[in-house]
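Taking the form predicted alone, here's one chain by itself in structure tokens.
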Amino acid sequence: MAVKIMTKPAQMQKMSQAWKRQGRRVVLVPTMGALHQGHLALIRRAKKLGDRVVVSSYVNPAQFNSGRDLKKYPRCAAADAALVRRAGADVLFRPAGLYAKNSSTWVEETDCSRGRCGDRRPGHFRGVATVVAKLFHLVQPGAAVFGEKDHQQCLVIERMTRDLHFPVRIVRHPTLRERDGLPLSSRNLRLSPRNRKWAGAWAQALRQAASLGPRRALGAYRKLLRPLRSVRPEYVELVKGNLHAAAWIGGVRLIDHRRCGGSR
């Protein structure tokens, strides 16, 4: 199946409006490219929810805290197009930019964005909320699919959608993992083979700590990380029965969360 690649926001909006006039239900899968099997799962879920699936691929500069991190984010345009085509999406929306040079309007959520990544990455969730609001305005979906791995991001988007009355159903998809438990992530592409092993060990430590239950999880996680010399922990927080953590491994920042007392 051929996938149409669009780069102009006005063109994307015009097509979505035409689909809606025809009674088609549009479903959006927002991504920053460097697609993997986790994104394939999101696209397959989207196909079950509507008549037309749009996959956006835009490395959003507003959600990065450093120009260096933005520059290093993996970009795989040809591979992304092939994967989207194989998954059966209708459109790959790949805009060159979504911000005017003098852009001065932002969307900011101030409750769900507290703690965890919100405290460590100032302005990150403002960038996320703003770009998703733009995508909702352009693609006009009836539903949008997000990966549960980015748990706090899901909370922020759900709150923004509710508060701004977007007629969009937010659908979460469970985290997909490698055999060693590391969540699928575009950032994994930046890990060297050696650091990839450390990342797997970090993910296993989080899973093991969470399995001990909420009372023991925090202490167990810190203890299990001591032998992992190449893992630099950024934070660990227990929020509503979930153990959330972020860590730096070889200059790559990874996040994960596990339900305490469970196997997920």
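Fair warning: this is a prediction, and the values are worked out from it, not measured in the lab. So that there is no doubt, residue numbering starts at 1 and follows the sequence shown.
There is another form of this protein, the form predicted together with pantoate, and it is not shown here; the text below is about that form.
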Inset, instruction - Answer with one of Val168, Val139, Ala89, Val128: the residue that has a non-hydrogen atom within 4.5 Å of pantoate in the model of the complex. - result: Val128
Legend entry - Candidate from Asp150, Glu178, Glu109, Glu158 lying within 4.5 Å of pantoate in the model of the complex - any heavy atom: Asp150
Legend entry - Residue stretch of 58-66, 202-210, 45-53, 232-240 approaching pantoate in the model of the complex, non-hydrogen atom distance within 4.5 Å: 58-66
Inset, instruction - Considering only heavy atoms, tell me if Val132 and pantoate come within 4.5 Å of each other in the model of the complex. - result: yes
Inset, instruction - Indicate whether pantoate has at least one heavy atom within 4.5 Å of a heavy atom of Met32 in the model of the complex. - result: yes
